[in-house]
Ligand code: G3P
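As a starting point, one isolated chain is supplied in structure tokens, in the form predicted on its own.
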């Protein structure tokens, strides 16, 4: 029996604002095997931890009068978005901002931490990880996602070269390093495979195409990539896949119930291709759970997340992305 990994999705963002030192630290305290930083670039080429380059989603930039004129509208991966963008800020300016809760309506208790934590660079996350390893006397892995890589490359701010440079300087080299590099796009993963043996993960969104595919005139969709043939193609450059759990592995039935007998062949197909399977995202609130795992109350109330994660572990996944690493650890202990 293979022990499934507990991946602290953006840290322990079910309890602290995402991608903050407090969120990463809490994830490790709760037993996460890996913490997951998402990376975007600043105007001056520094890699910082934000799930999006749209800063107003997770920082207080909208309240900063100093940056009012930086608000604009851009086309990101084919979508028109209005806001403030990381690539328009220097690192010095980014350090003036503070993190806020992304989902205040679902996690109002997290808003108590709004404004307390600065935005971290990749180098600062690596240093924090090393400190946590010493403090907890165990390995803490990094599970890094590059966000909008084709877009940043088009701005002459490619994410991959500075990422590999920082990791190499920190001693992360070779296929056995406690690290994964992941992306929803394909070409950047293929580029990475040419220059590193670090484990790579192809993420699969529940609809559409990787953003780089139409840029090259291609028609490949995420659903195509999830077929047995598509998974074999992924195995030519990646070591695993990160599928959206409900779309690719097990969707609730018409009554909102999870029936393991209805699970797809995705896990078996991926394993047959030699790929690990790390589905996302397991969250404790009713809003993110199938109806049969809800608790009484509204969308923000904690439901039976442990039961959901246990079911997916029993189906054979190799790891889980979760906002709630403590519940993930409980599920893993029951599974083992």
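Positions refer to the first chain, counted from 1. From a predicted model like this one, the values you see are computed outputs, not experimental measurements.
Just so you know, the form predicted in complex with SN-glycerol-3-phosphate exists too; it's not on screen, but the next bit is about it.
Picking from 275-283, 23-31, 61-69, 291-299 the stretch near SN-glycerol-3-phosphate in the model of the complex, with a 4.5 Å limit on heavy atoms, gives 275-283.
Just one of 222, 152, 89, 184 comes within 4.5 Å of SN-glycerol-3-phosphate in the model of the complex, counting any heavy atom, and that one is 184. The contact with SN-glycerol-3-phosphate in the model of the complex, taken as any heavy atom within 4.5 Å, belongs to 203 out of 163, 234, 100, 203. None of the heavy atoms of residue 148 is located within 4.5 Å of SN-glycerol-3-phosphate in the model of the complex. When contacts are judged by a 4.5 Å heavy atom cut-off, residue 307 does not count as touching SN-glycerol-3-phosphate in the model of the complex. At the 4.5 Å threshold, heavy atoms of residue 269 stay clear of SN-glycerol-3-phosphate in the model of the complex, well away from it. With a 4.5 Å cutoff on heavy atoms, residue 321 counts as touching SN-glycerol-3-phosphate in the model of the complex. For the partner-free chain shown, 9, 10 of 3-17 come within 4.5 angstroms of SN-glycerol-3-phosphate in the model of the complex, judged by any non-hydrogen atom.
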